[in-house]
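Below you'll find only one chain, the form predicted alone, shown as structure tokens.
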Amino acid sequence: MSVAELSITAYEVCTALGLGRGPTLAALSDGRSGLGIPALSLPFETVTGRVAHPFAALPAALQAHETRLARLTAWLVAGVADAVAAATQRWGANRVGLFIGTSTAGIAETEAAWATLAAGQPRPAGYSYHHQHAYHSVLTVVRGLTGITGPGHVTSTACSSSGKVFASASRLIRAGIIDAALVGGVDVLCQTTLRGFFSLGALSAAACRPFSAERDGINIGEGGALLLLERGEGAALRLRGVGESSDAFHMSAPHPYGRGAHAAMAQALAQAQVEASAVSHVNAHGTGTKLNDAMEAIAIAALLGGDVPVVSTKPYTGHLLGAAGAVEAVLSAICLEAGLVPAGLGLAPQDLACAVNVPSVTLHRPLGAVLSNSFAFGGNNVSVLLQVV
């Protein structure tokens, strides 16, 4: 077993592609996007990856934390509940950690409360910043639903948030503090992120086109994923390595030659003790912005060469911000298990400066190791290496 290798004994995912593994795999295999017209009222045009599902209300004991984000999280928890129950029985509830990434937490609930006040009406009676907006609220919900009592925290480092939770869990397991961890990320659509990225000039009016010569920005999505990591060799799907870097090149722009991206990917390979040739697919961060795609292509080509298939799944789901790392790790796991590389949507014509191999059709083939990249503002980067053994 490599230095960081852990078994992934369960996972669940929810995006605009659908709920769970089946609909997600079908969409990836068919090259079918989940992007569509926003449900929110906006003063500009864009498309979003909206989850159109009426999630059930929280149990009575957790009603104070009622938000759409919390409901979505509860749905994800239900998908891994049996495996988590088995893990807490096997290791002890205090030996299972909990690490969640999110960018917005419950800010959508605060936006709704503010809109009510701005309309001259009293603040909604059920609104509580502490119980709904605050980042720790999602931990309280998951602990209440699972009984997990081990160490836990919420990571909010923009688009690398739920990639970095893999590193947090891995470190504590290797240190002997815990034996298992439930990790993941959740984010829902809100005005703040949509208007914020529009104000930065980073939001596309149409479906995003990573690595295309005609790319002009990102689309925002929503959803989440949870994965259960455990010590030992209990599952074929493994977390082999996690690489992190912080190049701090610029507040919002990446290093032009992908120095931090390269370092994160190289560190993941080194931690797993595998050669670059073992990587048979990269789930790229691939936002569809000019600067991100250019630097990521440079970093991938320098480390892995120009033949490995590189695909961004953001044209399928939208950019899930704080949830992107965990969701794209699950999408990578699904591709690993099914033996496929999804088509790179919206590619043609490919930017010749992005000298990576982006397939225009779905590839069906056995896969070795898969790298899943998540790069954030401030040069905060993470790369997760998965493999079926």
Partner chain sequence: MRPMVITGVGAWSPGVASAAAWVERRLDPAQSRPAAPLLPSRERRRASLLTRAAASAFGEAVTQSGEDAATIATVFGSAYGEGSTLALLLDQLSSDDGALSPMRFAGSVHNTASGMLSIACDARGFTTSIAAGELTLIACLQEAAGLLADGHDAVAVVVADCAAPASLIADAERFDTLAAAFVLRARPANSPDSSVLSCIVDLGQPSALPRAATDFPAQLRFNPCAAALLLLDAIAAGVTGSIALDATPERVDRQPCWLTIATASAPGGQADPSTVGQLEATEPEAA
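Numbering follows the first chain given and starts at 1. As the structure is a computational prediction, the values presented were derived from the model and not from experiment.
Heads up, the form predicted together with the partner chain isn't pictured, but that's what we're talking about next.
The candidate spot formed by Leu117, Arg123 and His131 lies fully in contact with the partner chain in the predicted bound form, as each residue has a heavy atom within 4.5 Å of it. Remark: of stretches 300-308, 109-117, 68-76, 278-286, the one touching the partner chain in the predicted bound form is 109-117 (heavy atom within 4.5 Å).
The closest heavy atom approach of Thr24 to the partner chain in the predicted bound form falls outside 4.5 Å.
At a distance threshold of 4.5 angstroms between non-hydrogen atoms, Gly378 is in contact with the partner chain in the predicted bound form. Interface residue remark: Phe211 is not counted as part of the site for the partner chain in the predicted bound form, having no heavy atom within 4.5 Å. For the chain shown alone, Met251 is a contact residue for the partner chain in the predicted bound form, at least one non-hydrogen atom being within 4.5 angstroms.
Arg95 is the sole member of Arg215, Arg95, Arg240, His262 with a non-hydrogen atom lying within 4.5 angstroms of the partner chain in the predicted bound form. Taking a 4.5 Å heavy atom cutoff to the partner chain in the predicted bound form, the contact residue among Ala236, Ala175, Ala85, Ala205 is Ala175. Interface residues of 152-181, taken as those with a heavy atom within 4.5 Å of the partner chain in the predicted bound form (partner not displayed): Gly152, His153, Val154, Thr155, Ser156, Thr157, Ala158, Lys164, Ser168, Arg171, Leu172, Arg174, Ala175, Ile177, in sequence order.
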